[in-house]
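First comes one chain, alone, set out as C-alpha coordinates in the form predicted alone.
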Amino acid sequence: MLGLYIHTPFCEKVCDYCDFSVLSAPDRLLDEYLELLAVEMQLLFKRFPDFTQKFQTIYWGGGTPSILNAKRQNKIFDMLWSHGVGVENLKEFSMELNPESCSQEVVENAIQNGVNRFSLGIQSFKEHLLQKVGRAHSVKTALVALEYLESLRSQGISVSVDLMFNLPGQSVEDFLEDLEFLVKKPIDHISFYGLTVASNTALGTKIKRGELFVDDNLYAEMYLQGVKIVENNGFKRYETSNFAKIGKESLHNQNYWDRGFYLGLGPGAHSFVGNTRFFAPESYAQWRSWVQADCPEKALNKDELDFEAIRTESIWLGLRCSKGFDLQKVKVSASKLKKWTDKGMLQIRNNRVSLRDEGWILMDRIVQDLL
(Lines give C-alpha, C1' and ligand atoms only; values in the text may rest on other atoms or scores of the structure.)
Protein backbone atom coordinates (compact mmCIF):
# COMPACT_ATOMS: atom_id res chain seq x y z
CA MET A 1 0.00 0.00 0.00
CA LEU A 2 1.16 3.55 -0.70
CA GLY A 3 0.20 6.47 1.53
CA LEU A 4 0.51 10.26 1.58
CA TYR A 5 0.73 12.35 4.74
CA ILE A 6 0.09 16.11 4.77
CA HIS A 7 1.14 18.09 7.84
CA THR A 8 -0.49 21.40 8.74
CA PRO A 9 1.60 22.82 11.62
CA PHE A 10 -0.87 25.31 13.09
CA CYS A 11 -3.22 25.30 16.08
CA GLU A 12 -5.55 27.91 17.51
CA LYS A 13 -3.64 27.36 20.75
CA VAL A 14 -0.64 25.12 21.38
CA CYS A 15 -1.50 22.63 24.15
CA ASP A 16 0.68 22.73 27.25
CA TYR A 17 1.93 19.16 26.71
CA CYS A 18 2.72 19.52 22.99
CA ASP A 19 6.34 19.21 21.88
CA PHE A 20 5.58 18.88 18.18
CA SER A 21 6.62 21.57 15.74
CA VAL A 22 3.34 23.48 15.76
CA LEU A 23 2.51 27.12 16.34
CA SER A 24 -0.34 29.55 16.67
CA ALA A 25 -0.33 31.50 13.42
CA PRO A 26 -1.78 34.70 11.92
CA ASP A 27 -3.67 34.51 8.63
CA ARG A 28 -0.70 35.67 6.57
CA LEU A 29 1.28 32.64 7.73
CA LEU A 30 -1.52 30.30 6.72
CA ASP A 31 -1.44 31.68 3.19
CA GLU A 32 2.35 31.52 3.07
CA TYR A 33 2.21 27.88 4.21
CA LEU A 34 -0.10 27.01 1.31
CA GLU A 35 2.26 28.62 -1.19
CA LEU A 36 5.23 26.73 0.26
CA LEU A 37 3.33 23.46 0.36
CA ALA A 38 2.54 23.83 -3.35
CA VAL A 39 6.26 24.14 -4.12
CA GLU A 40 7.21 21.18 -1.93
CA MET A 41 4.46 19.01 -3.41
CA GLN A 42 5.54 19.78 -6.97
CA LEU A 43 9.18 18.95 -6.24
CA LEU A 44 8.45 15.80 -4.21
CA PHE A 45 6.03 14.41 -6.80
CA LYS A 46 8.57 15.22 -9.53
CA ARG A 47 11.07 13.12 -7.62
CA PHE A 48 8.58 10.22 -7.32
CA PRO A 49 6.45 10.56 -10.50
CA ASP A 50 5.11 7.00 -10.34
CA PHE A 51 3.53 7.57 -6.93
CA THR A 52 0.91 10.22 -7.62
CA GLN A 53 -1.70 7.96 -9.19
CA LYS A 54 -1.03 5.07 -6.81
CA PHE A 55 -1.83 6.59 -3.43
CA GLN A 56 -4.41 4.46 -1.64
CA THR A 57 -4.55 6.48 1.58
CA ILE A 58 -4.13 10.13 2.51
CA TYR A 59 -3.86 11.35 6.09
CA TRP A 60 -4.10 15.08 6.70
CA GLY A 61 -2.86 15.81 10.21
CA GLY A 62 -1.24 18.45 12.33
CA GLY A 63 -1.43 20.63 14.20
CA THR A 64 -5.00 21.28 13.26
CA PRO A 65 -5.97 20.95 9.57
CA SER A 66 -9.44 22.23 10.41
CA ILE A 67 -7.91 25.61 11.29
CA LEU A 68 -7.94 26.23 7.52
CA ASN A 69 -11.26 27.51 6.19
CA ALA A 70 -12.91 25.92 3.14
CA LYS A 71 -11.23 28.32 0.70
CA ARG A 72 -7.77 27.48 2.03
CA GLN A 73 -8.60 23.78 2.22
CA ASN A 74 -9.52 23.83 -1.45
CA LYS A 75 -6.08 25.06 -2.38
CA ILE A 76 -4.65 21.83 -0.99
CA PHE A 77 -7.30 19.68 -2.64
CA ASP A 78 -6.68 21.45 -5.96
CA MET A 79 -2.94 20.84 -5.62
CA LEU A 80 -3.54 17.11 -5.18
CA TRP A 81 -5.93 16.75 -8.10
CA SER A 82 -3.77 18.89 -10.41
CA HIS A 83 -0.86 16.49 -9.83
CA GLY A 84 -2.98 13.52 -10.80
CA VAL A 85 -3.73 12.16 -7.34
CA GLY A 86 -6.91 10.23 -8.04
CA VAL A 87 -9.61 10.42 -5.37
CA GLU A 88 -11.20 7.39 -7.05
CA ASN A 89 -8.12 5.32 -6.12
CA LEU A 90 -8.26 6.21 -2.44
CA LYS A 91 -9.45 3.60 0.01
CA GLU A 92 -9.23 6.11 2.85
CA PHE A 93 -8.82 9.87 3.19
CA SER A 94 -8.50 10.90 6.85
CA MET A 95 -8.52 14.38 8.32
CA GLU A 96 -7.83 15.45 11.89
CA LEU A 97 -10.19 17.88 13.60
CA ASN A 98 -10.19 19.73 16.89
CA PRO A 99 -13.58 20.49 18.46
CA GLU A 100 -13.16 24.28 18.40
CA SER A 101 -12.69 24.29 14.60
CA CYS A 102 -15.04 21.45 13.65
CA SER A 103 -17.42 23.65 11.67
CA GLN A 104 -20.04 22.48 9.21
CA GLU A 105 -18.38 24.52 6.46
CA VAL A 106 -15.00 22.85 6.98
CA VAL A 107 -16.35 19.32 7.32
CA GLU A 108 -18.83 19.43 4.43
CA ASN A 109 -16.21 20.93 2.13
CA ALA A 110 -13.75 18.18 3.07
CA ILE A 111 -16.35 15.49 2.36
CA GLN A 112 -17.10 17.00 -1.04
CA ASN A 113 -13.40 16.67 -1.83
CA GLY A 114 -13.14 13.00 -0.90
CA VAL A 115 -12.44 12.93 2.84
CA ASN A 116 -14.24 9.91 4.29
CA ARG A 117 -12.73 9.61 7.76
CA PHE A 118 -12.43 12.18 10.56
CA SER A 119 -10.33 11.90 13.71
CA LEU A 120 -11.55 14.19 16.50
CA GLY A 121 -9.10 15.14 19.27
CA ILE A 122 -11.19 15.40 22.44
CA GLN A 123 -8.60 14.06 24.97
CA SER A 124 -10.95 14.26 27.97
CA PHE A 125 -14.59 14.83 28.88
CA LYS A 126 -13.55 16.43 32.19
CA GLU A 127 -13.46 20.22 32.15
CA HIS A 128 -10.81 20.57 34.86
CA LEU A 129 -8.46 18.21 33.00
CA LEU A 130 -8.83 20.06 29.70
CA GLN A 131 -7.89 23.26 31.50
CA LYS A 132 -4.88 21.69 33.23
CA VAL A 133 -3.31 20.62 29.94
CA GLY A 134 -4.22 23.81 28.08
CA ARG A 135 -6.73 22.53 25.55
CA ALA A 136 -8.50 25.23 23.51
CA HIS A 137 -11.99 23.66 23.71
CA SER A 138 -14.56 22.99 26.40
CA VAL A 139 -16.42 19.75 27.06
CA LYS A 140 -19.58 21.33 25.60
CA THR A 141 -17.75 22.22 22.38
CA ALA A 142 -16.41 18.66 22.15
CA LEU A 143 -19.88 17.14 22.59
CA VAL A 144 -21.37 19.39 19.90
CA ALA A 145 -18.59 18.45 17.46
CA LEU A 146 -18.94 14.74 18.25
CA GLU A 147 -22.70 14.77 17.78
CA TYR A 148 -22.30 16.52 14.43
CA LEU A 149 -19.77 13.97 13.17
CA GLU A 150 -21.97 11.10 14.37
CA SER A 151 -24.77 12.43 12.18
CA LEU A 152 -22.54 11.98 9.10
CA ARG A 153 -22.04 8.24 9.51
CA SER A 154 -25.19 7.59 7.46
CA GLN A 155 -23.24 9.09 4.52
CA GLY A 156 -20.50 6.49 4.94
CA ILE A 157 -18.22 8.77 6.96
CA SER A 158 -16.04 7.01 9.53
CA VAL A 159 -15.52 8.71 12.91
CA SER A 160 -12.57 8.24 15.28
CA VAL A 161 -12.04 9.92 18.67
CA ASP A 162 -8.78 10.48 20.54
CA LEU A 163 -8.50 10.46 24.35
CA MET A 164 -5.52 10.82 26.67
CA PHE A 165 -4.80 9.20 30.02
CA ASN A 166 -2.41 9.70 32.93
CA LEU A 167 -3.03 13.44 32.81
CA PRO A 168 -2.07 15.56 35.83
CA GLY A 169 -4.78 15.20 38.48
CA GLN A 170 -6.62 12.51 36.52
CA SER A 171 -7.87 9.56 38.55
CA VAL A 172 -8.39 6.07 37.20
CA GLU A 173 -12.13 6.65 37.59
CA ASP A 174 -11.93 9.87 35.55
CA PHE A 175 -10.43 8.06 32.59
CA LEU A 176 -12.64 4.98 32.77
CA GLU A 177 -15.75 7.18 32.98
CA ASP A 178 -14.65 8.92 29.77
CA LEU A 179 -14.28 5.57 28.04
CA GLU A 180 -17.57 4.20 29.39
CA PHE A 181 -19.28 7.26 27.92
CA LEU A 182 -17.46 7.11 24.59
CA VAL A 183 -17.93 3.40 23.82
CA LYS A 184 -21.70 3.93 23.86
CA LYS A 185 -21.48 6.56 21.12
CA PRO A 186 -22.05 5.59 17.46
CA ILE A 187 -18.41 5.87 16.39
CA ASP A 188 -16.04 3.48 14.61
CA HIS A 189 -12.65 3.97 16.22
CA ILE A 190 -11.09 5.00 19.53
CA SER A 191 -7.47 5.91 20.21
CA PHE A 192 -6.13 6.56 23.68
CA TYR A 193 -2.61 7.65 24.49
CA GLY A 194 -0.71 7.89 27.75
CA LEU A 195 0.67 11.35 28.42
CA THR A 196 4.38 11.79 27.80
CA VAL A 197 5.71 14.88 29.55
CA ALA A 198 8.47 16.64 27.63
CA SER A 199 10.66 18.92 29.74
CA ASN A 200 10.64 21.69 27.10
CA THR A 201 6.85 22.17 27.22
CA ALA A 202 4.68 24.44 29.36
CA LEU A 203 3.34 21.37 31.16
CA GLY A 204 6.85 20.06 31.76
CA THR A 205 7.80 23.39 33.36
CA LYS A 206 4.75 23.33 35.65
CA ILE A 207 5.55 19.80 36.77
CA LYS A 208 9.20 20.68 37.45
CA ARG A 209 8.00 23.61 39.57
CA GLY A 210 5.68 21.32 41.51
CA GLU A 211 2.55 23.13 40.33
CA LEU A 212 1.16 19.93 38.79
CA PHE A 213 1.81 16.24 39.40
CA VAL A 214 1.52 13.14 37.19
CA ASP A 215 1.16 9.85 39.06
CA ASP A 216 2.94 7.33 36.83
CA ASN A 217 1.86 4.52 39.16
CA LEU A 218 -1.65 4.84 37.67
CA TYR A 219 -0.51 4.35 34.07
CA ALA A 220 -0.74 0.56 33.89
CA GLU A 221 -4.11 0.35 35.63
CA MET A 222 -5.63 3.05 33.41
CA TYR A 223 -4.39 1.34 30.26
CA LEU A 224 -5.30 -2.24 31.15
CA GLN A 225 -8.73 -1.35 32.55
CA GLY A 226 -9.35 0.91 29.56
CA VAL A 227 -8.59 -1.94 27.17
CA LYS A 228 -11.16 -4.13 28.91
CA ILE A 229 -13.85 -1.48 28.57
CA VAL A 230 -13.40 -0.86 24.85
CA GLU A 231 -12.99 -4.55 24.00
CA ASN A 232 -16.13 -5.43 25.97
CA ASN A 233 -18.03 -2.92 23.86
CA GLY A 234 -17.26 -4.11 20.33
CA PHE A 235 -13.89 -2.45 19.69
CA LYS A 236 -10.86 -4.61 18.88
CA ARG A 237 -7.31 -3.59 19.79
CA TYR A 238 -5.25 -3.78 16.62
CA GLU A 239 -2.38 -1.56 17.83
CA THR A 240 -1.24 -0.64 21.30
CA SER A 241 -3.26 2.61 21.40
CA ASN A 242 -5.86 1.99 18.68
CA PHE A 243 -9.19 0.18 18.82
CA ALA A 244 -11.72 -0.22 16.03
CA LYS A 245 -15.00 -1.82 15.08
CA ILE A 246 -14.45 -4.65 12.61
CA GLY A 247 -13.32 -3.25 9.24
CA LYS A 248 -12.84 0.29 10.60
CA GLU A 249 -9.13 0.18 11.37
CA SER A 250 -7.01 3.07 10.08
CA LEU A 251 -5.56 1.79 6.80
CA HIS A 252 -3.07 4.64 6.63
CA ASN A 253 -1.61 4.00 10.07
CA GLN A 254 -1.55 0.24 9.50
CA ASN A 255 0.63 0.93 6.48
CA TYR A 256 3.14 2.66 8.78
CA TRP A 257 3.26 -0.32 11.14
CA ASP A 258 3.50 -2.78 8.22
CA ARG A 259 6.52 -0.85 6.90
CA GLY A 260 4.69 0.13 3.74
CA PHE A 261 5.86 3.08 1.63
CA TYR A 262 4.58 6.63 2.10
CA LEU A 263 5.46 10.23 1.31
CA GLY A 264 5.14 13.17 3.69
CA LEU A 265 4.54 16.86 2.99
CA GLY A 266 4.93 19.79 5.38
CA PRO A 267 7.35 20.68 8.20
CA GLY A 268 8.96 17.56 9.65
CA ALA A 269 6.74 15.17 7.67
CA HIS A 270 8.33 11.74 7.31
CA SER A 271 8.61 9.60 4.19
CA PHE A 272 9.66 5.98 3.67
CA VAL A 273 10.66 4.62 0.25
CA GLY A 274 12.77 1.54 -0.44
CA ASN A 275 14.96 1.15 2.63
CA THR A 276 15.30 4.88 3.23
CA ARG A 277 13.48 7.00 5.79
CA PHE A 278 13.75 10.77 5.35
CA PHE A 279 12.10 13.94 6.56
CA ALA A 280 12.22 17.68 5.98
CA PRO A 281 13.29 20.29 8.58
CA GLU A 282 10.89 20.24 11.51
CA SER A 283 10.53 23.88 12.56
CA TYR A 284 8.33 26.03 10.36
CA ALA A 285 11.07 28.66 9.84
CA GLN A 286 13.65 26.06 8.79
CA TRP A 287 11.16 24.28 6.55
CA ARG A 288 10.27 27.60 4.88
CA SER A 289 13.93 28.30 4.11
CA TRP A 290 14.37 24.75 2.81
CA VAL A 291 11.38 25.03 0.45
CA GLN A 292 12.48 28.48 -0.73
CA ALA A 293 15.81 26.85 -1.67
CA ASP A 294 13.86 24.30 -3.81
CA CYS A 295 13.91 21.50 -1.23
CA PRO A 296 17.54 20.35 -1.63
CA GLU A 297 17.78 16.63 -1.05
CA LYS A 298 21.09 17.01 0.78
CA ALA A 299 19.31 18.96 3.54
CA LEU A 300 16.89 16.11 4.30
CA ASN A 301 17.33 14.07 7.44
CA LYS A 302 17.99 10.59 6.03
CA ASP A 303 18.30 7.14 7.49
CA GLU A 304 19.44 4.33 5.19
CA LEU A 305 18.31 1.12 6.86
CA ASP A 306 20.69 -1.82 7.00
CA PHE A 307 19.75 -5.43 7.81
CA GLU A 308 19.88 -4.92 11.57
CA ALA A 309 17.80 -1.73 11.42
CA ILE A 310 15.15 -3.53 9.35
CA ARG A 311 15.12 -6.38 11.86
CA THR A 312 14.75 -3.90 14.73
CA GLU A 313 11.82 -2.15 13.02
CA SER A 314 10.15 -5.44 12.17
CA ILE A 315 10.17 -6.52 15.81
CA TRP A 316 9.28 -3.14 17.30
CA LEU A 317 6.53 -2.24 14.83
CA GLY A 318 5.26 -5.83 14.76
CA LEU A 319 4.83 -5.98 18.52
CA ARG A 320 2.96 -2.68 18.53
CA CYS A 321 0.22 -4.50 16.61
CA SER A 322 -2.02 -7.32 17.79
CA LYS A 323 -0.95 -9.50 14.84
CA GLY A 324 2.70 -9.33 15.98
CA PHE A 325 5.67 -10.30 13.81
CA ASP A 326 6.41 -13.38 11.71
CA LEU A 327 9.05 -15.73 13.13
CA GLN A 328 9.74 -17.07 9.65
CA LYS A 329 10.84 -13.60 8.54
CA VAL A 330 12.43 -12.27 11.73
CA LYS A 331 14.81 -14.41 13.76
CA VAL A 332 15.04 -13.94 17.53
CA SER A 333 16.54 -15.90 20.38
CA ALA A 334 14.45 -18.93 21.34
CA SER A 335 15.53 -18.57 24.97
CA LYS A 336 14.44 -14.91 25.05
CA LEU A 337 11.06 -15.84 23.56
CA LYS A 338 10.62 -18.58 26.15
CA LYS A 339 11.51 -16.14 28.93
CA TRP A 340 8.65 -13.81 28.00
CA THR A 341 6.13 -16.49 27.05
CA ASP A 342 6.75 -18.16 30.42
CA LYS A 343 6.02 -14.82 32.07
CA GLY A 344 2.74 -14.63 30.13
CA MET A 345 3.83 -11.45 28.32
CA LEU A 346 4.23 -12.96 24.83
CA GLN A 347 2.36 -15.59 22.87
CA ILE A 348 3.25 -17.53 19.72
CA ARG A 349 0.48 -18.58 17.33
CA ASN A 350 0.97 -19.81 13.77
CA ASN A 351 4.60 -18.66 13.87
CA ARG A 352 3.59 -15.13 14.87
CA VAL A 353 4.84 -13.52 18.07
CA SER A 354 2.55 -11.00 19.77
CA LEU A 355 2.08 -9.31 23.13
CA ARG A 356 -0.48 -10.40 25.66
CA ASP A 357 -1.86 -9.09 28.95
CA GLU A 358 0.68 -6.92 30.82
CA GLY A 359 3.18 -7.42 28.00
CA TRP A 360 1.54 -4.43 26.32
CA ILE A 361 2.73 -2.25 29.21
CA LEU A 362 6.26 -3.67 29.06
CA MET A 363 6.60 -3.56 25.27
CA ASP A 364 9.73 -1.36 25.20
CA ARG A 365 11.52 -3.61 27.69
CA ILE A 366 10.54 -6.76 25.80
CA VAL A 367 11.68 -5.35 22.46
CA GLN A 368 15.03 -4.33 23.90
CA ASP A 369 15.49 -7.81 25.33
CA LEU A 370 14.59 -9.56 22.08
CA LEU A 371 17.06 -7.39 20.21
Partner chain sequence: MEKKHKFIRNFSIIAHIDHGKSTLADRLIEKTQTVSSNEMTNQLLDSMDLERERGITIKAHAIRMVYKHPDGEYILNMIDTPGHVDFSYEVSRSLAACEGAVLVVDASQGIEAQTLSNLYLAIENDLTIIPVLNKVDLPGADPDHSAQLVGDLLGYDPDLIPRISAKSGLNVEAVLEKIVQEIPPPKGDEEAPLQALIFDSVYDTYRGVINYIRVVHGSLAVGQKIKMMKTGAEYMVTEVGTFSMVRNPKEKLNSGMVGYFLANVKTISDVKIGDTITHSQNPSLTALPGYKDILPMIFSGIYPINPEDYKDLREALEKLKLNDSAISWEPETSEALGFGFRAGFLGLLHMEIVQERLDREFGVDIITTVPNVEYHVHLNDGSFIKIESPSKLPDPSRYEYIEEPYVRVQLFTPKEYVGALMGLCDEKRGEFSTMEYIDEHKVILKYEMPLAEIMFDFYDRLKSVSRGYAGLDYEASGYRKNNLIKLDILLNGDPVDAFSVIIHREKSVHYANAICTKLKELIPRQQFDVAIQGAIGGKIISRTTVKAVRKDVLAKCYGGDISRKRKLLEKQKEGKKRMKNIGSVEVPQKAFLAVLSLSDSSSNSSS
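Not measured: the values here are computed from a predicted model. Positions refer to the first chain, counted from 1.
If you look for the form predicted together with its partner chain, you will not find it shown, but the lines that follow are about it.
- Taking the partner from the other structure, its partner chain in the predicted complex has no heavy atom within 4.5 Å of any heavy atom of residue 148.
- At a distance threshold of 4.5 angstroms between non-hydrogen atoms, residue 358 is in contact with its partner chain in the predicted complex.
- Within 4.5 Å of any heavy atom of its partner chain in the predicted complex lies no heavy atom of residue 171.
- None of the heavy atoms of residue 1 is located within 4.5 Å of its partner chain in the predicted complex.
- Looking at 216-224, 289-297, 139-147, 84-92, the stretch with residues near its partner chain in the predicted complex, meaning non-hydrogen atoms within 4.5 angstroms, turns out to be 216-224.
- Contact here is defined as any heavy atom lying within 4.5 Å of its partner chain in the predicted complex, and by that definition each of 312, 320 and 367 is a contact residue.
- Note on contacts: among 30, 327, 43, 305, the single residue with a heavy atom within 4.5 Å of its partner chain in the predicted complex is 305.
- Shown without its partner, this chain lists 58, 36, 345, 67 as candidates; in the predicted complex, only 345 has a non-hydrogen atom within 4.5 angstroms of its partner chain.
- In the predicted complex, 256, 257, 262, 270, 277 are the residues of 254-283 with at least one heavy atom within 4.5 Å of its partner chain, listed from first to last.
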